[in-house]
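What follows is one chain in structure tokens, specifically the form predicted alone.
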């Protein structure tokens, strides 16, 4: 993880990490500005700037005459948009890191992938990876890429680049579908996300097409206490 480049960034990273990791739970009082000034040996203006940014990111609540308190940290994902998870993390003022867990090529199973629109025995790239906010797991990603639609993905390792932004830059998608649901984390999911077994998790499943050909199916699993899904609608005639 890249070291913070300034005291301002160091304060952001330190406080953000304590919140996202759960060390400081919702309702926990953040040290007063004068306490942080002494702790970091900086000006009160620097501390105020960091706390203001954390409040704008939704990580803390600032109450007049009472101090600052940990809010429920929420990253908002727009249902009708496809964007990079890095953007979600950096909007919280935290360093982003990506980790590929596994990658293999296989054929589509007749039953398991039929609902996703993949033809029987379609060649697929099966990828699992994690995204981090600071040192804490932020999201687990399980993705299938249709190699008939994106043959160039076969030569990609995705060791350093997440498949989501890579696909956006390589394939002009024409349609997308989202499914959102809640699950209880099994042991494997709990271990990968750093939560307790049976903890509530939010799952966003997305399918995309290009010219009627299925491109990818991805399942994104987030700790339920740190993610919200937002959609904005406009009336149509």
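Positions refer to the first chain, counted from 1. All values reported here derive from a predicted model rather than from experimental measurement. Between two forms, the rigid core is the largest collection of C-alphas that superpose within 1.5 Å.
Same protein, other form: the form predicted in complex with the DNA, not shown, and the subject of what follows.
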The unique member of 28, 56, 178, 62 whose heavy atoms fall within 4.5 Å of the DNA in the predicted bound form:
62
Residue 68 within 4.5 Å of the DNA in the predicted bound form, heavy atoms
yes
Verify the contact flag for residue 32: yes if a non-hydrogen atom of it lies within 4.5 Å of a non-hydrogen atom of the DNA in the predicted bound form, no if not.
yes
Using the partner position in the predicted bound form, report whether residue 48 sits within 4.5 Å of the DNA, counting heavy atoms only.
yes
Proximity of residue 42 to the DNA in the predicted bound form, heavy atoms at 4.5 Å
yes
Name the stretch, out of 200-208, 187-195, 32-40, 167-175, where some heavy atom lies within 4.5 Å of the DNA in the predicted bound form.
32-40
Rigid core superposed, CA of residue 211 - does it shift 2 Å or more between the shown form and the other one?
no
Did residue 45 shift 2 Å or more between the shown form and the other one, C-alpha, core superposed:
yes
Return yes or no for residue 202: a CA shift of at least 2 Å between the shown form and the other one, with the rigid core superposed?
no
